[in-house]
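We begin with a single chain expressed as structure tokens, specifically the form predicted on its own.
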């Protein structure tokens, strides 16, 4: 069924690759210029009536953000994720709150946590979670969590800082040693 969906969508817009995660879940990459057309087609023609989530990944090394719009067709028990890539510099994407009003909340979160703008989205420039935040958005991979913590929080006696990779290896594989 996912291959048929991909074929149908490909008749109206150019598509990138499709990754089939399982029989009822696929991810399709497309150019951000075609996102709105794809979303309208999926909602109005293919029955994907529910926006499950909108999330981002920071591909720092490629200087890109990936946005993933996960949609669900509850009647058919099918989910499809649309992936679009944006340049990190002045990242901006069309708002889809007019298609799914719940998108406004996701877009506010992504604006605050990644610095991705969604012009015209309701309340997108209002503080969402991080009241008074003055640093670069904290979900960007170039945000230095450790440095921020050291500069803003007092040291607690007895607290030990460990390398996360080594610490997890010790916990998961105690017999292997270092």
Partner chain sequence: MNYQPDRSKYPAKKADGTLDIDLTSGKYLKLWHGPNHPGITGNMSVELTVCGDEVVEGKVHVGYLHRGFEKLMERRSFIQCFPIVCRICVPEPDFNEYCYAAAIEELSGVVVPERAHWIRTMILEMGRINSYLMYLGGQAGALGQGVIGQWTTYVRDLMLDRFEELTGARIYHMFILPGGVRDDLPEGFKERLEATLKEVDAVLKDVNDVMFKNAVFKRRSIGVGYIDPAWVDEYGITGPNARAAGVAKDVRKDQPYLVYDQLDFEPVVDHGSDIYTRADVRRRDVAMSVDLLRQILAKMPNEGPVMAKLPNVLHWQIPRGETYIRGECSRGEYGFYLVTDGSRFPRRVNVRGPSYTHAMTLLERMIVNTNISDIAALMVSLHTYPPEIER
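Residue numbers count along the first chain shown, from 1. All values derive from a computational prediction rather than experimental measurement.
Heads up, the form predicted together with the partner chain isn't pictured, but that's what we're talking about next.
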Residue 36: touches the partner chain in the predicted bound form, heavy atom cutoff 4.5 angstroms: no
How about residue 101 - does it come within 4.5 Å of the partner chain in the predicted bound form, if we only consider non-hydrogen atoms? yes
4.5 Å heavy atom contact, residue 21 to the partner chain in the predicted bound form: yes
Find out whether any non-hydrogen atom of residue 77 is located within 4.5 angstroms of the partner chain in the predicted bound form, and reply yes or no. yes
In this chain shown alone, the residue from 56, 124, 30, 42 with a heavy atom within 4.5 Å of the partner chain in the predicted bound form is 56
For a quick check, can you give me the residues of 137 to 169 that have a heavy atom within 4.5 Å of the partner chain in the predicted bound form? 138, 139, 140, 141, 143, 145
